[in-house]
Structures are given as structure tokens and as C-alpha cells.
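First, one chain by itself in C-alpha cells, the form predicted alone.
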Amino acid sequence: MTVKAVAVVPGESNSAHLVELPMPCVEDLHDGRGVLVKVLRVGLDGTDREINTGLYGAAPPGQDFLVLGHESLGLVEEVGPQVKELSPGDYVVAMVRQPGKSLYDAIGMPDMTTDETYYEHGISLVHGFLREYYAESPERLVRLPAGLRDVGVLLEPMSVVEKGIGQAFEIQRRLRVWQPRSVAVLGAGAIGLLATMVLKLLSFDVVTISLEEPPYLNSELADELGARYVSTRAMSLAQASEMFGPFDLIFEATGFSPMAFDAMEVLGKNGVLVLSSVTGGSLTVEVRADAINLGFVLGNKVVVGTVNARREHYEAAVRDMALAECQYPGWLSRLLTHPVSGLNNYLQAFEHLESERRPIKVFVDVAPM
């Protein structure tokens, strides 16, 4: 028996195609710790788009294709005899980063690995979840309450947000007291809006800054959270900082690398800039290097990157998603803007990803919910 999947040939532009894989089973994992998961829904983002254009991505050893998809929602169908944490019928999300060989991998922090080689589902050396079934160990699965199943595919991107914000607070333990007054989120895509939501749940004064002029869906979603939306077509980042800042915390999620340097210039003293964009291109810009350097040295500022996440961040995302459903009912589901029905229609998903006006979230319903 085989299962259907959507794969690419890494390094080859627009190579997405259907493949057949052997049906996985719980015996694929040793010591009776296997979990068979039926894939229900998979989200796609800029990473999948860039892998399909050939910018990066690596196939598993011995194979010439990589199954896409790192944002998953699945249903447990079968568990091995030694699995006590999960049961058939549980909704689960799989973690993306697999352990490598560094010290951090050994202590359960593969997202902080110092290895040169990454093992990431659907990205590097490990098949992703844009397929009908997969088998995984329970340590790599996060259980989701049934009440969150309709928005559960957002858990992986939200875990990256939780990690970034958590790192900011961990860094600020260097200060005896940190009371950020003004917070900026750069970008109003899925990550930017989720960051806005988490920061509003923390009761911060949030300014969400993006390119498009309001009103449109993304700006309306920010407004509904009580954030203030600003278009860079109407107001520069420096002007926004003068009006609403200085910003004590900036969460960057634009996918446009020059914004990182603009953010460095407007970050407030003792502030933290969190960078979450993964940019696979070769863009170069001129920056005011002396001014940025001097501002960071004299202002005790910090820049930190966030990518992938570990279990604690996924679990924090589950808690905040549940809280958001109570505080902002139905808001999360409005992020799911571009559904695609079935793996056979995968080309439609990439058409959405390549559209001039980027969707908030493209997702494929692999099986009925």
C-alpha cells in the first residue's frame, strides 16, 4: 500500500509534483514507540514557495526528492504498545526540527543546534507532511485540544512567535526591571499577525507596521486586536517611532531583509529586536553602519533571531491559541484565507503563494476534518 505526497526536486525551479510513498506503520519506529498519524491539513508559506523555486532545500539521504510541508495538523490513528502519551483520536502537530549531534540537540534543544547541517521536516534532509500519512515518535508530537482543531494548522508558525517573544524576555533578565511600553510588529502576514495577537494577550501597546495601506483584511485583523496599524506607504518606520515609540521591543516578520536594519535604527535603549524572516535571496543594501553600531553600543540594545521551536514553545502556543479563542472568538480562523482541497490540487496552492497580493495563510485540506 502506498500514500500520496507532494514533493520537489531540491535546487530545481518549479519542480513540485506528486509522488507515491510506502504506507508508514508504527513498527517503522523502534521500541514500540511509533505513532501513525493521518494528515488532515498542511499550511504552506514563503519557505515552501522558495524551496519550490530552487533557492534551498535538501532531499533525505539516498533520495532525489523532498516531500514538502512543515506546518501540519493530524489525527492519531494507531500507537505502538509503549506509547502512553497519545491515543487514537488525538489531534497532533508535529515539530519541525529533528535532533542533530550538538550538545543542544542532546539536551532537547535542537532549535538551538550549533551543527552546520539541519534536519527539518519538509525543508532539509527529512520529508515533510504534505502527504496522507506519516509515522513519528510521541516525543516529536504535540497534542492539541479538539476545540482548536479548526485552527490547529497555525500552531507551528505560532510556536516560532512564542519562541521569539520568549527569547526577548529571557534576554531582558539582564535588567532587574523591564516594562516595555511600546512594541512594534513589522509585517502583517501570518507571523506578524500572530505576533500582534500574542503581544496583545500580554496587554502591550502594539503598533503593527506593514506595506499595504488600510483598509484591507490584514489591517482589520490588527485593529480587531486593539493594535494600531500603520502603512509604510503613509509613514516611514522612523516617523512611526517618533509618533509611537521609542520601541522597547520590535518583532520583525516582513520577509524583507532591509527592514531589519531600519528596525535597528529605531529600536529604543535597552530594547530587543527579534528577527523572524528567513530570506533566501542575495539582496544587498547600504546601511548607516556607524549610526547603528553606536546606537547599539551606547543604548545596550540586542538583536536575536528566532527560527523553529521546541516543545515548550509549541505548548505555549497551544495555551495562547486557547486564550485567543476566548478573548477574540473566531479571529484565528480568519487567518486561514486560501484553502485548497486535496493533494491533487497542489498547483493551486503554489498559485496562491505566488499571487501579487500575498495571502495570509494558504493550506491544503489533505483529508476531511
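All residue numbers refer to positions in the sequence shown, first residue = 1. None of the values given here were measured: they were computed from a predicted structure.
Although it is not shown, the form predicted together with beta-D-glucopyranose (BGC) is what the next lines describe.
Proximity of T53 to beta-D-glucopyranose (BGC) in the model of the complex: non-hydrogen atoms within 4.5 Å are absent; the residue sits far from the partner. Among residues of the shown chain, V96 is one whose heavy atoms approach beta-D-glucopyranose (BGC) to within 4.5 Å in the model of the complex. When beta-D-glucopyranose (BGC) is considered in the model of the complex, V76 lies well away from it, no heavy atom lying within 4.5 Å. Though the partner is left out of this view, A190 does not reach within 4.5 Å of beta-D-glucopyranose (BGC) in the model of the complex, counting heavy atoms only. This chain is displayed without beta-D-glucopyranose (BGC), yet in the model of the complex the stretch 39-47 from 60-68, 23-31, 324-332, 39-47 comes within 4.5 Å of it by heavy atoms.
Proximity to beta-D-glucopyranose (BGC) in the model of the complex, defined as a heavy atom within 4.5 Å, holds among E120, D262, E162, E136 only for E120. Counting a residue when any of its non-hydrogen atoms is within 4.5 Å of beta-D-glucopyranose (BGC) in the model of the complex, there are no hits in 331-369.
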